[in-house]
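Heads up, the chain below is alone and in the form predicted on its own; it's given as structure tokens.
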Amino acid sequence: MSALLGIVFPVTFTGHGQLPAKLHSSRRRLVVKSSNSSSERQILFNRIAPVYDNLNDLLSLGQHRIWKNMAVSWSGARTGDKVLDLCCGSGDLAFLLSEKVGPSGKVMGLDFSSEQLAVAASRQKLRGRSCYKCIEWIEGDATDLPFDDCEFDAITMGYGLRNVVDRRRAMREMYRVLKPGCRVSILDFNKSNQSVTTFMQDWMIDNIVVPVATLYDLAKEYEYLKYSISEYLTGEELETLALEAGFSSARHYEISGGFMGIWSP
């Protein structure tokens, strides 16, 4: 299990249509405006930020790194591209994207958690390769992106869509800022229709994830994981959501016994 709160699965859609050590103030936005639910999630992510990366490694036995590399590969990002990592958290996907686009490219990492972005920026300072200097961190709202239409060559989103209150609007925003023919690659839990898979997910959260999180005094924060999965969308529902947003195709494949899934155009 990985990234805040999750086992990962890549999802890929085909689209239509520098201040590396600190936040970019001219584009800084508050994510939450009126939704108490969103505000609570923002507080949750801020609270877990200091131990986020350690718990990711511990709970996934390091496998989250493999899944994140898969997601970045599926995004189709290439040298010189301008790419966006939504809900970037502590920056894992953004760093991998920067390696793909190189020093001539540009990576925008956007998140609603200022604490997560602070961790990402501090990690960036410790990395010496020139490609990591192409990353810019922005505090912002996935449902109201501060970017122009058709601005990006690729978009990734790790463990984020499940935690967005207005998923339809977030999907439309991704479609809007993506260049025609380019891809979005999304990772998150798979909400399975199979009762056995759902039971096993719940069991792992109750008996592995939450007890481990308790050692960090974060039991309540990680108990939220089970709720967020139950309130998430199935693969078919996510396909429909993507098509309604304007994407030309979206296909979902369950893998790893249904714990994870893969979407492709």
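Just count from 1 along the sequence shown to find any residue number. As the structure is a computational prediction, the values presented were derived from the model and not from experiment.
Another form, the form predicted in complex with a small molecule, is not on view; read the next lines as being about it.
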Among 160-168, 95-103, 71-79, 126-134, which stretch has residues whose heavy atoms lie within 4.5 Å of the small molecule in the predicted bound form? 160-168
Sole residue of V196, L215, I66, L61 within 4.5 Å of the small molecule in the predicted bound form, by heavy atom: L61
Verify the contact flag for Y224: yes if a non-hydrogen atom of it lies within 4.5 Å of a non-hydrogen atom of the small molecule in the predicted bound form, no if not. yes
Using the partner position in the predicted bound form, report whether M204 sits within 4.5 Å of the small molecule, counting heavy atoms only. yes
Within a 4.5 Å heavy atom cut-off, is Y175 in contact with the small molecule in the predicted bound form? no
F189: touches the small molecule in the predicted bound form, heavy atom cutoff 4.5 angstroms: yes
